[in-house]
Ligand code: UT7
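In structure tokens, one chain follows: the form predicted alone.
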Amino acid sequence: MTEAVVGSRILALGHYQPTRVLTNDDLAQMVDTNDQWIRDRVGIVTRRIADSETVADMATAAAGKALAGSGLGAADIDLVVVATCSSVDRSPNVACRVAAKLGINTPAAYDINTACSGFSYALATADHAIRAGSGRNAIVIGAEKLSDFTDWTDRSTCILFGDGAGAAVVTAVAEGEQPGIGPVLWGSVPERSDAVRIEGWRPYIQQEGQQVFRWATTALAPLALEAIKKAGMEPADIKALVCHQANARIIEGIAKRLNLPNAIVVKDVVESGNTSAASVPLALSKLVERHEVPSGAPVLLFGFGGGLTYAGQVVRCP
């Protein structure tokens, strides 16, 4: 890279969801629950469940869609980053498998695991790498197959989770152009790391739901406002809020405290459930595909969850 790089922007987005739909009525045949109970407590109506597809398969499908819409080819990509907490295989990492499937040669490739905040972490690290001159074009992916780790006899957790992937193609912005990815605001609350767990060799997802709910609805809005401030913007500038799709009540609680007067509050959780690291790019890709916000519009991304970790940044829609 010979020209000075001041930042990066998202060129294109893509997403993938399995075809199998699991409804609340389906779950009522498996555990002691019902459609109204689930809607009232978490706002979820359906979720998608993968059968034979792996995390890498879904990540590849989302990334391939984003790459096709970017105007770039596989040979142009020099960095692949995958955010996931549900890959069964320790090695090779998902990023290398995605690169192989898409025919991307010799990229830097790594996975990142901060659970539900993973995509915002991954997007920030790709942005930092581009700013540092370590790459020019990146694919950043959030992909999860949480159904592999769901206890389908536990009604407090099995109603929540779904599978899917979302991806973004990110490119360098030269001096004189406006960066499309704002500074990240990230951090963690490690003393509460046991609040969301996937532990051991044959694990199920376990969580302290009320503890996570209280933390998310009280502590996160000020941090999200700080992410807006770091981008040099005001709350009224934001055109959409895409936070981690944990459950509808958490999303509504954060949105109310943020008071973004001109923003669409995205609730893909209703049709997709909680897809952890995939939830933010999945929801963002759908938002852009439906043309609900114009190109260049500032959108606040904010992920949070296991760790407890959080990360957010303002991005401009491709």
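Because the structure is predicted, anything quoted here is derived from the model rather than measured. In this text, residue numbers run from 1 along the sequence as written.
FYI, the form predicted together with this ligand isn't displayed, but the following is about it.
Enquirer: Report the stretch among 282-290, 28-36, 255-263, 55-63 that approaches this ligand in the model of the complex to within 4.5 Å, counting heavy atoms only.
Expert: It is 28-36 that comes within 4.5 Å of the partner.
Enquirer: With the partner left out here, check for me: in the model of the complex, does some heavy atom of V169 sit within 4.5 Å of this ligand?
Expert: V169: no, not in contact with this ligand in the model of the complex.
Enquirer: Residue-level contact is defined here as any heavy atom of the residue lying within 4.5 Å of this ligand in the model of the complex; does Q207 satisfy this criterion?
Expert: It does: once this ligand is placed as it appears in the model of the complex, Q207 has a heavy atom within 4.5 Å of it.
Enquirer: How about I77: is it within 4.5 Å of this ligand in the model of the complex, going by heavy atoms?
Expert: Residue-level check for I77: no, no contact with this ligand.
Enquirer: Examine L160 and determine whether its closest non-hydrogen atom to this ligand in the model of the complex is within 4.5 angstroms.
Expert: Judged by the heavy-atom cut-off of 4.5 Å, L160 is in contact with this ligand in the model of the complex.
Enquirer: Within 4.5 Å of this ligand in the model of the complex, do we find a heavy atom from each of R41, V196 and A246?
Expert: Per the other structure, all of R41, V196 and A246 touch this ligand.
Enquirer: Pick from F149, F213, Y110, W186: which has a non-hydrogen atom within 4.5 Å of this ligand in the model of the complex?
Expert: It is F213 that has a heavy atom within 4.5 Å of the partner.
Enquirer: What residues in 252-279 sit within 4.5 Å of this ligand in the model of the complex, counting heavy atoms only?
Expert: The stretch 252-279, when checked against this ligand in the model of the complex, contributes only N274 at the 4.5 Å heavy-atom cut-off.
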